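One chain comes next, on its own, written out as structure tokens in the form predicted on its own.
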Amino acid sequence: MGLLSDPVRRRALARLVLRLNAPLCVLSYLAGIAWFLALAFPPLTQRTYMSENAMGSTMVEEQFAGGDRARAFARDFAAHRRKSGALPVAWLERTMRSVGLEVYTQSFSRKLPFPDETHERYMVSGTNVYGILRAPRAASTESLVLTVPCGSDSTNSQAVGLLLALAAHFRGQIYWAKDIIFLVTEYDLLGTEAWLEAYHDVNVTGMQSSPLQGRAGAIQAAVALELSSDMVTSLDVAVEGLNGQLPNLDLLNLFQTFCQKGGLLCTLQGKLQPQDWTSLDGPLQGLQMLLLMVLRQASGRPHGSHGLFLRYRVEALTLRGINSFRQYKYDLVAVGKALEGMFRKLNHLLERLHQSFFLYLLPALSRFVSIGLYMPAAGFLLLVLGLKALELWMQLHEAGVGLEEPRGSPGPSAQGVGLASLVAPLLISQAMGLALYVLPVLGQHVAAQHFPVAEAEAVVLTLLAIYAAGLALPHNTHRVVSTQAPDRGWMALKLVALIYLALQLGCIALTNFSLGFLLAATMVPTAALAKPHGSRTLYAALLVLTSPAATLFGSLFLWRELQEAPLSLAEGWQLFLAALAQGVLEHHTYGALLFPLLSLGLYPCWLLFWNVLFWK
């Protein structure tokens, strides 16, 4: 306290902070990047382990042998689907009843905010079919779900066949203590969302659906299955859900355990797992998979039907059969045994999965990084913003432009300059963010009438037009700013912008570390460097290259490069436009938060730094 109250010591501390601020900022940023890159290396990455005693004490003996029956069901389902051109609801009802399930259907419809050109749909109307296997040894208080999404562009016939064969096999067992729901949804994620909203008696997306006639107990866990052929070379697991949510790590460990027991090859991000962690090759491959997970989680998209279950506190994951590794071959019996083992172990649960981690990163299926080890990477980056804000505050205080004058009396001119220089840019920047959020969808029909573009193209073009219009903001805000003490004005504005950005990135990193870290790694350096002196052209180029839109654009190229399928500039631009449309659509359809976060939060904050750069 004496250090802060003594004017002499306070000035000495201020001079020390100002002198060391730049090297401390550089060191802090480099430490954050280095910490993140080191996450794929031991000891920061740890071996996975089973925390739930009910699932890890003993193993079960799988008895599923219905591979031929699964293939027969798959052939019949594909034939009826080709004949009807839609989900064969009547055949599914009849078949589910024949294996002893309580069968129900649910109709739903949804008008999308604008046409989805990726999946070629606008007015969606479909039917979900589900059968319930009642637990013979307990009341219907808890349940498990096995779901198969059937999109318009893929039938997923083998997955439906395996689901029906597993239902027939499970029906003959007497050890079930939980109800099991076998769910087949139409229009993939839309059907899943309609069923989940009706099951939990909520409506968060404006979906129109019929009420469910049959219910089981509270859903404890769910597995989504996607198979494209009778033979697979590996099972790939997807964990990233809506808004970056992840399932409990024990569910992933359970999947890996049964894959190892049955000799089934399991992959993550479509890639084989690193084996040798003692040499440099293993951690480098783990770093590649870690980056892939970070990019997928940062997108906020549900990478499978399981991603929508996570919103309802249901632990879930998606299993996809892939055919990328020709040296391995597994039939439906191997996949069915792994699923049977997982469901029998989940049947032992006495409470929801909660003992393992919910926040983690995966450099491999057998390795994980907990939140306590990866958060320092974001903390070091945010420290740069704190150091720069402290430097500006001390400069303003030493110059006598704080809230109080050094002599204790408020400075009216300083107050006037502060209000005039802060209120106008803040209000106009937030207004631009609100326009970016609201106008593209509301004005799509007007744009389509006056320009030769479709509604989806009109939404994307309006987004880009409003985003680019923000570059003219300095010319608008400076008209209402006092010309007195211009240096004090931009310093005060940058101080507010730094605090605003630090608060946003900190909150984002707590809920979706991947998104928060990516934005911090790109936006923090230019935010710290922005000032109306020096080479404005260079600073302006850096600001544009590190804006939220440029970060998304660069992430697409990085994603495809890590997937070993690099993009050309033209392909990247088309993918960028499609990603913009999908981001807006997924926000209005499923409640994805990436679009409002960028438009209402980070874009206005970025505009404040743009104002600082062009301060006159």
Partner chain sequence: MAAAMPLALFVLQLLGPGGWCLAEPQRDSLREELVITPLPSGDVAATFQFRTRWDSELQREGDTDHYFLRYAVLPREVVCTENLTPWKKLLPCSSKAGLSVLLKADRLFHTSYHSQAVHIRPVCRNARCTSISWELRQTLSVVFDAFITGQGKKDWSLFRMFSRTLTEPCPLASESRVYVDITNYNQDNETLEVNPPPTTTYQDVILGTRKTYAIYDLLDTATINNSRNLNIQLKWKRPAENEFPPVPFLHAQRYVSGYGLQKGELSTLLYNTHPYRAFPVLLLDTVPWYLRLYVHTLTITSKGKDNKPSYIHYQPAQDRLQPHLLEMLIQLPANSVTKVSIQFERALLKWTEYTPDPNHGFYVSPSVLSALVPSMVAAKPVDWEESPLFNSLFPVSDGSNYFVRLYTEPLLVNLPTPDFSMPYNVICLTCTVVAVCYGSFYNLLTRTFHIEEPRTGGLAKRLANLIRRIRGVPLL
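None of these values were measured; they are calculated from a predicted model. Numbering follows the first chain given and starts at 1.
The same protein has a further form, the form predicted together with its partner chain, not shown here; the description that follows concerns it.
Undergrad: If contact means a heavy atom within 4.5 Å, which one of 330 to 338, 84 to 92, 499 to 507, 138 to 146 is the stretch that engages its partner chain in the predicted bound form?
TA: Looking at the other structure, the answer is 138 to 146.
Undergrad: Any of the heavy atoms of residue 312 lying within 4.5 Å of its partner chain in the predicted bound form?
TA: Yes, residue 312 sits close enough to its partner chain in the predicted bound form that at least one of its heavy atoms falls within 4.5 Å.
Undergrad: Is residue 293 near its partner chain? Define near as a heavy atom within 4.5 Å, in the predicted bound form.
TA: No, no contact at 4.5 Å.
Undergrad: Considering non-hydrogen atoms and a 4.5 Å limit, does its partner chain approach residue 324 in the predicted bound form?
TA: Contact with its partner chain, no.
Undergrad: With the partner left out of view, is residue 372 within 4.5 angstroms of its partner chain in the predicted bound form by any non-hydrogen atom?
TA: Looking in the predicted bound form, residue contacts with its partner chain do not include residue 372, since no heavy atom lies within 4.5 Å.
Undergrad: Tell me, out of 534, 214, 263, 206, which residue has a non-hydrogen atom within 4.5 angstroms of its partner chain in the predicted bound form.
TA: Of 534, 214, 263, 206, the residue with a heavy atom within 4.5 Å of its partner chain in the predicted bound form is 214.
Undergrad: Select from the listed residues 544, 218, 424, 390 the one whose heavy atoms reach within 4.5 Å of its partner chain in the predicted bound form.
TA: Flagged contact: 218.
Undergrad: Taking its partner chain as it sits in the predicted bound form, which residues of 191 to 207 have a non-hydrogen atom within 4.5 Å of it? Please list them.
TA: Going through 191 to 207 in order - heavy atoms within 4.5 Å of its partner chain in the predicted bound form - the hits are 200, 201, 202, 204.
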